[in-house]
Each structure stands twice: as structure tokens, then as C-alpha cells.
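A single chain, nothing else alongside it, follows as C-alpha cells in the form predicted alone.
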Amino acid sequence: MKKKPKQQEYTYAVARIRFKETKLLSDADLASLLAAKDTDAVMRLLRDKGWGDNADHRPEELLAIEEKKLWDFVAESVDDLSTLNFLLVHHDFHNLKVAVKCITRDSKPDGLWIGNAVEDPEKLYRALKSREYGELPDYLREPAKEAMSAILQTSDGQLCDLIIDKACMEYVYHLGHEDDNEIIRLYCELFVASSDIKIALRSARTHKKLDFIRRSMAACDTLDVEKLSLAAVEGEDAVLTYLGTTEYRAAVDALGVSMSAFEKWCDDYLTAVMKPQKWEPFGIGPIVAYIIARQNELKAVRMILSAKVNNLSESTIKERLRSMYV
């Protein structure tokens, strides 16, 4: 088990975050962005809030700048970034999927990597291409071997995704269980449980076999994945009925609307649980809460900008907006 930093070691980072929290967008700020006439008006309002770098940018460029600001700030404030790996490792598994598929299809991964991963995706790609699995970190080594073997033998991209996605869920669950911080454990548990729920619903809607469903899901503490798998075979109503017996019963209505509504429910639930961290003076909790709040903020702004570009109605996008941390 990795050595845990003492709570006092986060005092500096928490002090900086207290100031940064005052700059987060509020629900009222989102309402103003949503009411703006067009994309240019939204961008002006964001620049007035300190977004960007005082230059004109396209929406995606602005979002990339703000994402970089977030992680640059975290890197400046936290001595040991590995304590936050649980927030980032899913990017490594995404990049592993990209690498496997590009190598086996003889294509280039240019533009397909996700940044802010734990591992350098180019290094991962080179190791995988030369089959030097020992150069990969432990948590990627076995899923890389299995996924490469599966896609070379079957050419089944879905099977490749299943192998890597399940490995990702299992590793995030492991990271949560090896940590004694309640916030980290909760985040990792919700990550796995929400993934299992989405797998169950997709499987029910596409009439997947029980063996496929069992192979896709990862164990977690708040769901009985065997019961959930059996429910998925029966159909969507059975999945919702089972979930009504769990602590995710409050999400059933959202699931009945759409997968997007469920993802919003998960983000809002996490935000609500994180809010008490505003009053915590020490520990990693306030740092995790701020990162998640900032990521939700970026999601919300991306939705609003997309709505303006595609002329979506305010009511349509309002239903998808997350609750803000401030």
C-alpha cells in the first residue's frame, strides 16, 4: 500500500483552493451564459470571468486552456500528484484502447489521445507496438496483452473495449479500497457502480447474453452485480426494479429519461456529497472536491457552447446542466 501523506501536507494546497473556489461559476452564472444571445456573447461573458488568456479563441481552444489551468494549478499545489491518480487513470485506459486499435489497424493515433493521463500515451504506444509489455505500468500490462490477443484473433473491437473497460473499473475500485480517505473511496465506488448500471441498461436494450454481461461488469460494494446482470437479461424494467432496491433508487427516474439524465444525476450526487469539503481545513478532500467542481464547470460550459452552435433550446440544455459547487 502506498504511503499516505499527512493531512498537514495539504494545508498550502487547501489555502490556495479556498481562493480559487470564489472564482468558480455559480448556478446564476450558468443561467447568464445560457441566456446569452449566441456563442460570441457566451465567450465574452467567460472572458469577463477570467477565462482564457486575453486572446480570442475558438470554444474548444478556450476549454483546453481552462483544463490546462486546472491541472497546472494542481501540479503547483500538490507535492505528490500520484495521490490523485484515481481521477486520471481512466484516461490511460482510453489511450490503451486507442493504441491497441491503431496498432492492429495500422493507423496513426494522432489527435486521439486524451491528455492529463498518468502515463505518456506515446510511450505507451511505442511499448505496445514493439510488444514490450514489461515497459507498461502494472495496471495496464495484463489488459494490454489480453486486448491485443483478442483483437488479433477475432478482429472484435467491442471485445477489446470490454476487456479494457472492465480492467479500468477494477483498477479504480482497487485504488478506492487501498485509500483510507472517505471522499476518494466514495468517488471510486460511484465510478464503478455507475459504469455497471450503464452496462446493464445498454445490455438490456441490445439483448446481450448473460455471459457477455457478466464479463463486462466489475464488482463493487453498493451493487450486487450478479443480480444486476440477471436483471439486464430480463430487460430494462427489471434493471430499474432492481436498482429501486439499492441506494441508487433516487436515480431510477433519471434513468427512465435518458443516459444523459443519469450521468447528470451522478455528477449532481457527487457535487452534493463533496460540498461539506468547503469547511474542511486539512486533508485531500477539498482538493478532490475542487477538481471535480472545476471539471463539472467545464462540462457545463461545453454544453452551453454546443447548444449555441447547434441552436438548441434553453429548456433542452437546462435539463442537462449540472448543479454547481458554489
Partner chain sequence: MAEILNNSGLFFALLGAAFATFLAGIGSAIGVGKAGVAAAGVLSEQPDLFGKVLIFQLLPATQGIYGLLVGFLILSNVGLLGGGVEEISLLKGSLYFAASLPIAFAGYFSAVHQSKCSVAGIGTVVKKPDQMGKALILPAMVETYAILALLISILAVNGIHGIQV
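Numbering follows the first chain given and starts at 1. It should be emphasised that the depicted structure is a prediction, and the values quoted were computed from it without experimental measurement.
Just so it is clear, the following notes concern the form predicted in complex with the partner chain, a form of the same protein that is not shown.
- None of 277 to 285, 297 to 305, 42 to 50, 63 to 71 except one has non-hydrogen atoms within 4.5 angstroms of the partner chain in the predicted bound form; the exception is 277 to 285.
- For the three marked residues, H174, N181 and R185, no heavy atom of any sits within 4.5 Å of the partner chain in the predicted bound form.
- Among heavy atoms of L312, none comes within 4.5 Å of the partner chain in the predicted bound form.
- Taking the partner from the other structure, the partner chain in the predicted bound form has a heavy atom within 4.5 Å of a heavy atom of R18.
- Shown alone here, T11 lies within 4.5 Å of the partner chain in the predicted bound form, counting heavy atoms only.
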